[in-house]
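What follows is a single chain, given as structure tokens, in the form predicted on its own.
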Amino acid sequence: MIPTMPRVCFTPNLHKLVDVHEYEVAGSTIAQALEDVFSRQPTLQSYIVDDQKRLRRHINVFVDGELIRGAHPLNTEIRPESEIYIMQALSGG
């Protein structure tokens, strides 16, 4: 059996700001998965987390189709086959 790795995807509105791709990543938490992404795409980090490495308020993270909420969403555990979607909330009229 071929081992799988978590996959991180970004919604198209982030593609307008930063050149991002889908990534297969190492890690067992969202934070570890994102650190792997940021090591490959450093300019993306400031759009996703603040200076204290907390998820920015306008960013939503879905793991396997479920919105991740709570005080420490980046500590959420992921599985090797997890799909992580990073979505930037949009507002305006």
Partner chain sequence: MSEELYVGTRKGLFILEQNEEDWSIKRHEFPGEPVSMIMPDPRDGMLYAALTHGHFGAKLHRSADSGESWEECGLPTYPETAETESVVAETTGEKPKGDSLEEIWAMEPGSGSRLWAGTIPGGLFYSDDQGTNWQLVESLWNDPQRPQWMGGGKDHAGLHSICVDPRNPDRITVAVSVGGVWQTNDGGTSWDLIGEGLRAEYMPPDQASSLLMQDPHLLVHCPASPDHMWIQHHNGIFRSENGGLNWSEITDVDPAVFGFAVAVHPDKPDLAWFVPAIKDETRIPFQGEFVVTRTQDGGKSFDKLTSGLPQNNAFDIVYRHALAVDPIGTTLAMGSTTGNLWISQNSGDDWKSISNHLPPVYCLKFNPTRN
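These numbers were taken from a predicted model, which means no experiment stands behind them. Numbering follows the first chain given and starts at 1.
What comes next is about the form predicted in complex with the partner chain, which is not displayed.
The closest heavy atom approach of residue 17 to the partner chain in the predicted bound form falls within 4.5 Å. Using a 4.5 Å cutoff between non-hydrogen atoms, residue 50 counts as a contact of the partner chain in the predicted bound form. In the predicted bound form, the partner chain lies farther than 4.5 Å from every heavy atom of residue 25. Contact annotation for residue 56: at least one heavy atom lies within 4.5 Å of the partner chain in the predicted bound form.
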